[in-house]
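For reference, the chain that follows is the form predicted on its own, supplied as structure tokens.
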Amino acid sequence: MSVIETPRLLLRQVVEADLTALHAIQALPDATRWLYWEPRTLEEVRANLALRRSDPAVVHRGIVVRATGELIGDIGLHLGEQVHRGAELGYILHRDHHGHGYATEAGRAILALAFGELDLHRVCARLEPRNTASARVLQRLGLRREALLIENEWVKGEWQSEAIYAILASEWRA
């Protein structure tokens, strides 16, 4: 897959030279607050990048600001079984770039890929409902909340809930 261009962003393959920028994002406690993992070391970021690059069920792109060339986050799809034609959407942005619409812009581009070239039927996203900023991004992208699982997982020393959002290809096209 080639580079995806939006008005302000480039979504491109993440390369080894991006490790420092990815680490700057993934090492922040507030960036990983609602994720399953703790802030990562540089070596953990390197290992995770290698895993994503080698997994054929992962579509992973760095989010780069076109005007500056700065990598500000990443976004991806974790593809499910081919027969179901589904995927889970995930993204993370550096806190300095929150509130500018970058996650929504990148999300639209990834959903266009999902329902276009990849010919998926459904894309979902899972998040802790207290992550209201991410929930707003999903809603702006047209995903609807389908489920709320109350205190269903023990994460980082507490019971956390899980909201599940989704959108179908037919809804995206409408």
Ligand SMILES: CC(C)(COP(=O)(O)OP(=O)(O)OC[C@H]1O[C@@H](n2cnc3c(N)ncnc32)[C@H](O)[C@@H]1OP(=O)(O)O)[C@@H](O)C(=O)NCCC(=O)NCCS
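In case it trips you up, residue 1 is the first one in the sequence shown, and so on. None of these values were measured; they are calculated from a predicted model.
One more form of this protein should be noted, the form predicted together with this ligand, which is absent from this view; the next part is about it.
Residues within 4.5 angstroms of this ligand in the predicted complex, judged by any non-hydrogen atom, belong to 129 to 137 and to none of the other stretches in 114 to 122, 144 to 152, 49 to 57, 129 to 137. The shortest heavy atom separation between residue 100 and this ligand in the predicted complex is within 4.5 Å. In the predicted complex, at least one heavy atom of residue 31 sits within 4.5 Å of this ligand. For the chain shown alone, residue 109 is not a contact residue for this ligand in the predicted complex, no non-hydrogen atom being within 4.5 angstroms. Of the heavy atoms in residue 93, some are within 4.5 Å of this ligand in the predicted complex. The three residues 8, 35 and 104 all sit with a heavy atom within 4.5 Å of this ligand in the predicted complex.
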